[in-house]
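Only one chain is given next, in structure tokens, and it is the form predicted alone.
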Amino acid sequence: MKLRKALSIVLAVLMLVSVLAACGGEKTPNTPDTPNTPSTPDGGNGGGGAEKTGDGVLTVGYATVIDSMTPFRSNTGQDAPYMTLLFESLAVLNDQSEYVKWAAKDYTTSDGGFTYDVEIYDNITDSAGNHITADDIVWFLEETIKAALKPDFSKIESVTKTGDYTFQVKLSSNMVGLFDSLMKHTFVISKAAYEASKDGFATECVTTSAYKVTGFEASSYITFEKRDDYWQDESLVPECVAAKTPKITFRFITEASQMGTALETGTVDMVIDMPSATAVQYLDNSAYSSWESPNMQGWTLFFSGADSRPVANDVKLRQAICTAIDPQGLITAIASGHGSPMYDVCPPTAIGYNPKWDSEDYYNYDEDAAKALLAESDYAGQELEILCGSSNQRMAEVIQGYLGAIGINVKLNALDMAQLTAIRLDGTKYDMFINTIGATTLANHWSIRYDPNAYATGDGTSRHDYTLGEMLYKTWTVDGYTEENIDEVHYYIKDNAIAYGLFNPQRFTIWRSDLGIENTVYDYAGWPSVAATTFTNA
């Protein structure tokens, strides 16, 4: 049963029809009619060695790693395909951008979205046999608020148990999409199981999903096996999180060429979100099949807002940097041509995006103009630092080259996921940060990154821009989510070069054709749900 989506109603009335068409994204399968059978060397179990097609384990390569299974985590990696197997939530987002109830049985609001009464199912049990009640949900929400790792939860004023399986949430804002997002990110776990854990689920996790964790090594792999005691009737489980695949191993491989080698040697059966430059070599190879879909998280260059960094208070320097970067060059160099330039800090798949922005000037690449802007700035040859993940170091290197061409001295700081997560919100640690932000609506995206009250350090880059904050807050309400208010935020961020949308790559999922597919089910990110899709020869 779908959750009520006030934001869809609002957009239908207030926004262009084409905005709604941006939701969901087209998936383009590329399945050879007569596939060849690649070699598949024998391997070990789901933990260590290579897997072999037909061994009963679907082994999936994926670049975003986790070094802990803790449920109290930041937004980093929140869209990873293993997260719905690791933690069941109150609701889930499907490939039609619809929020569907999962552990939540029902919810109601009577005051325009400030207060919600929620009921969960009364028969939820985890993989250790613990019975889940409203006490567990209230505890999780309170602990998540204390952890202060996800801005959405800071907008909860109170959460109160109202019955064995019911609770009430009061919000400080009825921001468009806020409650839906909270439902999606409220994990259903047992307080007793968590507190009994020796390390807070860091290395061993008790799940309420249809899977249990049977193997985990930090930053290396995680293995799931389907539970035979799952609490929910299969007919009531949202299709995108149905459990059809008996055993799944995700192997974390951050280097693109190594990902391709793993696919070719049989170490993995499938790669989700393979970088375009690596994926293109498999598109016309009959031994492999593919899905291609637009990315819902375009690459963006965020500028530090910390006063100690040269870029923070120098708009001309920021504008010079934006103008010096050629998005088409990035698309060619990084995505082998499979991508599109961005015209906002959000990709066009975000609900509320206005297509008119695509035909407007957005720091069109011009080296001479960039040099002129740089000459007007206060830049005096200081070394600027770009923070990036180790998996997108190549992108940072290309940007470094563009900036060097206009006389800006740049050094790179490429970190692994754990190191990146630890400092990414601290604007004193960098001048520029290459990252993606996942959100269904523009309002939610903006609140994660640009709300000056979101974190202890200010916004997501240590900026304290309360002028922008007031603009954001106007878009948070159903009545305020208008084209006029959305435009105001868009142009303020653009004109002040607070961040710069680089490009939106296509996403590729590549799998060995002999794996066999009977029925494909997509998740909201546009790639196949490895749990819900039926594989005939896994």
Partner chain sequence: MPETKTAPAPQQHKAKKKSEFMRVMRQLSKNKLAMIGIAVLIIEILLAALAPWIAPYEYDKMDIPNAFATPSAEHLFGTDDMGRDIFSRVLYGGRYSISTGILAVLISTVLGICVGSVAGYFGGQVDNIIMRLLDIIQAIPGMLLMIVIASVLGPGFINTVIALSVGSIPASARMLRAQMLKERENEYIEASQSINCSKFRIIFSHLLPNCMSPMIVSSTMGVAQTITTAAGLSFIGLGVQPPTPEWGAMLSAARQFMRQAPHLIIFPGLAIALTVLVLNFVGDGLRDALDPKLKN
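Heads up, when I say rigid core I mean the largest set of C-alphas that superpose within 1.5 Å between the two forms. Numbering follows the first chain given and starts at 1. Because the structure is predicted, anything quoted here is derived from the model rather than measured.
Below, we turn to the form predicted together with the partner chain, even though it does not appear here.
- Checked against the partner chain in the predicted complex, the residues His464, Lys247, Lys244, Arg394 give one hit for a heavy atom within 4.5 Å, which is Arg394.
- For the options Gly215, Pro341, Pro310, Gly401, the residue carrying a heavy atom within 4.5 angstroms of the partner chain in the predicted complex is Gly401.
- Mapping the unseen interface onto this chain, Tyr282 counts among the residues with a heavy atom inside 4.5 Å of the partner chain in the predicted complex.
- Proximity of Val315 to the partner chain in the predicted complex falls outside the 4.5 Å heavy atom cutoff.
- Among residues of the shown chain, Gly458 is not one whose heavy atoms approach the partner chain to within 4.5 Å in the predicted complex.
- Although the partner is absent here, Thr278 sits close enough that one of its heavy atoms falls within 4.5 Å of the partner chain in the predicted complex.
- Proximity to the partner chain in the predicted complex, taken as heavy atoms within 4.5 Å, picks out 328-336 from the listed stretches 223-231, 328-336, 353-361, 100-108.
- Proximity of Asp180, Thr186 and Leu301 to the partner chain in the predicted complex is absent: no residue of the three has a non-hydrogen atom within 4.5 angstroms.
- Using a 4.5 Å cut-off on any heavy atom, none of the residues of 338-365 reaches the partner chain in the predicted complex.
- Annotation: Cα of Gln96 displaced by less than 2 Å between the shown form and the other one, core superposition.
- For Trp231, the Cα coordinates differ by under 2 angstroms between the shown form and the other one after the core has been superposed.
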